[in-house]
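The data below hold one chain only, encoded as structure tokens and taken in the form predicted on its own.
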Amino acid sequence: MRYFKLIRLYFRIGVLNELEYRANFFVQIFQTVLGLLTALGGLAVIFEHTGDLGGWRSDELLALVGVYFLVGGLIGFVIQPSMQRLMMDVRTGTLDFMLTKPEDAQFIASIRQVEMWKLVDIALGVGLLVVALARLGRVMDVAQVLGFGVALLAGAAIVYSFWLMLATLVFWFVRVDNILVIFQTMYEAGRWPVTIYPGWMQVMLTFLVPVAFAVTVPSQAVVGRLTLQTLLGALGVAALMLFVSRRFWRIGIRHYSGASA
């Protein structure tokens, strides 16, 4: 229960901080609408010339875009700002204040920075999913909903672990901001199913930058394409990534020499 209390505490602090700059809300809405128009415009152009893309129909790709915004909103809501705060604290030596607290340092580092306006992206993603399901005429049963939830959680765990390992590199290289920019650029590829890309790029977007597990696999659950084998594979990769990122974090902490060292 104390971890839930910490989550609630840091969320409240994040909300109070963000409310100081309420204009960010309108900026976020503008960015979200612009991103949505770009995504839908791309779909419209493509389906003017073809009936499907890599076996995906237009309404199925609309569901994928919904997952793309949903996961992107989650990343921007807590994962990205918390990891960027971690890198800044390592550079300035202020990570000491977190390491001296009685709770797990990795957990605190993962939740202490929140950009609540990214909830707009999450809400938009959910809305797109509802519209896509209505257009597809699909009613997901309990098993499919559970499959989607598990796939989404597995994808979120994989993305979080990936971001944590990237941020942990700061213990050795101090500035790794450019690496995070590369991830953001690669995540843009998740706007489309990974199956449409060449084989080498599918491997890259699945295992090097885990866009496939974050976006395509949950989308497969929504449109009825997800197999048990794929779901179990996503869970296995998530468990492995969580374990490796935890070990990598511990090794990084041992190499930290903060302001008090």
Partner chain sequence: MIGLWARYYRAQIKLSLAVQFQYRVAMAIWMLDIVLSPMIYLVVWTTVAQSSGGTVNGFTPSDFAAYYTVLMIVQHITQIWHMWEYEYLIREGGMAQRLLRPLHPINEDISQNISYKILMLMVLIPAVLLFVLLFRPAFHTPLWSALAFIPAVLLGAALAFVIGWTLAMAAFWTTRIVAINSLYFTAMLFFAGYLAPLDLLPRFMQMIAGVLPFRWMMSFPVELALGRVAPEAVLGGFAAQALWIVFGVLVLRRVWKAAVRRFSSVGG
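Numbering follows the first chain given and starts at 1. Only a predicted model underlies this, so the values are computations on that prediction, with no experimental measurement involved.
Although not depicted, the form predicted together with the partner chain is the subject of the following passage.
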Practice task
Spot the stretch among 180-188, 163-171, 143-151, 98-106 with residues whose non-hydrogen atoms come within 4.5 Å of the partner chain in the predicted bound form.
Solution key: 180-188
Problem - Interface membership of L235, the partner chain in the predicted bound form, 4.5 Å heavy atom rule - result: no
Handout entry: the partner chain contact at V15 in the predicted bound form, heavy atom, 4.5 Å
Key = no
Practice task
Report whether the minimum heavy atom distance between T50 and the partner chain in the predicted bound form is within 4.5 Å.
Solution key: yes
Exercise for the section: Find out whether any non-hydrogen atom of L228 is located within 4.5 angstroms of the partner chain in the predicted bound form, and reply yes or no. Expected result: no
Practice task
For the three residues M1, L6 and I29, verify that every one has a non-hydrogen atom within 4.5 Å of the partner chain in the predicted bound form; reply yes or no.
Solution key: no
Problem - Interface residues of 38-52 toward the partner chain, as seen in the predicted bound form [heavy atoms, 4.5 Å] - result: T38, G41, G42, V45, I46, E48, H49, T50, D52
